[in-house]
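Given as structure tokens, the chain that follows is alone and in the form predicted alone.
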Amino acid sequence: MPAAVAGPEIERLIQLLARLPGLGPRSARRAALFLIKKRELIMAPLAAAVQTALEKIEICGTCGNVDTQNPCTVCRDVNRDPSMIVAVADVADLWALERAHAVNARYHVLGGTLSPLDGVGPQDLTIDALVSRAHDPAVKEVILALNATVDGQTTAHYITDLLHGANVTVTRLAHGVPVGGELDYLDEGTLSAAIRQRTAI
């Protein structure tokens, strides 16, 4: 453990910053120094924004998105296609799809993926709520936008079985060669998936 170089308040700031994704102890120290040097310009507004967020953050009762209102901004958008629900593992995936402007649909955040090794079962996710939403007559398609991992695919298969009785088409994201990808650098699993899911030109 490195020796403390500042008072306990600054050390606490460094420790908390080090818990953020992508920041280790050294990066956290650099970030803390930057915040301290720019405390009027960045640190004070950041602290105020964090405090405001703490007071106002809500989980959407419809889709599970994080927002400052319930239902969330996405669910309130009347221009979204009500016939499509995109199921994602977590809020980060929803935000990523929104950044890409990939789809103009409704969402459903599952809260993770099935993982027996980690003790995550169907009761720990919002799968029942998704199945209930899929039985709405307005819904025609459920897109399973889950990671191409063992847990993601297990979750997709489980949900597909549950939606068998609903009058919806169940689709998933395509897997294979990424845009700009070179075949020589791809792993065998990705290449196999790309060949299996080839499409007509």
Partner chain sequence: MQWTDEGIVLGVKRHGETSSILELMTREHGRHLGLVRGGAGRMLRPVLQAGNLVNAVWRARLDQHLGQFVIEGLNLRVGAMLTQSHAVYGVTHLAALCRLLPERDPHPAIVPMVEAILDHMSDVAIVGALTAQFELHLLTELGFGLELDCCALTGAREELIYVSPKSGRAVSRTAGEPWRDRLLRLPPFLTEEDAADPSMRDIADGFALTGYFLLRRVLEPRGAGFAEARDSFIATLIARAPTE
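Positions refer to the first chain, counted from 1. The structure presented is a predicted model; accordingly, all values stated were derived computationally and were not measured.
Keep in mind that the form predicted in complex with the partner chain is not shown, yet the notes after this line are about it.
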Out of the stretches listed (154-162, 129-137, 61-69, 48-56), which one is close to the partner chain in the predicted complex, meaning heavy atoms within 4.5 Å?
154-162
Does L20 reach the partner chain in the predicted complex, with heavy atoms at most 4.5 Å apart?
yes
Report whether the minimum heavy atom distance between S192 and the partner chain in the predicted complex is within 4.5 Å.
yes
Taking heavy atoms and a 4.5 Å cut-off, does L117 contact the partner chain in the predicted complex?
yes
Taking any heavy atom pair closer than or equal to 4.5 Å as contact, tell me whether N167 reaches the partner chain in the predicted complex.
no
Can you confirm whether E11, R30 and M43, the three residues that make up this candidate site, all sit within 4.5 Å of the partner chain in the predicted complex, judged by heavy atoms?
no
